[in-house]
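As structure tokens, one chain now follows by itself in the form predicted on its own.
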């Protein structure tokens, strides 16, 4: 048997930027279907201002209605202490996702605070979430470059990855928010991060159908064994610019199998789930 690659289905990122808000009942039914079929890691939503992200205003209701099998993990995003309080009051969420940006410009647009302020908030989030028995997963957006004109280097990515681990996060994910990465940059960044921190991050890639496979291959070759993806290849950051979307779960799973890796997904049902995700997004 080959190595197992961990895949998180990011329903939050798939749904939050759609032209239509997916009805709560449809979210519950689709997420429960995934859990029942064997998905074991789902980024289910966020606890942020409903004015900023109205599509996620019902996250608490969605989570409360789900039956989560033993061994499955739900993740939800928070951007501040108020959001964390709401998350901790919602049973069934095992992991807190915190968005940190290497680009100060993007951090201010995304969460209305500076990069340094975000790091201080993350310190509090780690303390309170850990005390409540939750894991903390911090993503570094703009980790492969940015279109804001802000400074970027692999060394800075590695430095901040180390700082976030030192703050107390359990896992760091590198996000290619505006699809700046190519295979050589993926290999370079992961190599520097691992050499500096001794830890391999997970990856949240945004790509096109044409570029996805090469990026996944470069990530696997560099040693990455954890990815975020979305059925239907839906989503992408609504606060960033560009046509790129999340890595397709269906295409990712097929590539992993082709490469000889194991993946804990219902491989025989992914085609129908991919179509169902697209139909749900379109309101069909």
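Computed from a predicted structure; not experimentally measured. Numbering follows the first chain given and starts at 1.
Here the subject shifts to the form predicted together with a small molecule, a form of this protein not shown in this document.
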Exercise. Using heavy atoms only and a 4.5 Å cut-off, determine which of 212, 146, 202, 110 is in contact with the small molecule in the predicted complex.
Key: 110
Practice problem: Quick one: from 53, 253, 234, 224, grab the residue that has a heavy atom within 4.5 Å of the small molecule in the predicted complex. | Solution: 53
Exercise. Answer yes if any heavy atom of residue 82 is within 4.5 Å of a heavy atom of the small molecule in the predicted complex; otherwise answer no.
Key: yes
Quiz item: Can residue 86 be called a contact residue for the small molecule in the predicted complex at 4.5 Å between heavy atoms?
Solution: yes
Quiz item: Within a 4.5 Å heavy atom cut-off, is residue 138 in contact with the small molecule in the predicted complex?
Solution: no
Self-check item: Exercise: residue 99 in contact with the small molecule in the predicted complex, heavy atom 4.5 Å
Solution: yes
Exercise. Choose from 40-48, 253-261, 59-67, 226-234 the stretch whose residues reach within 4.5 Å of the small molecule in the predicted complex, heavy atoms counted.
Key: 40-48
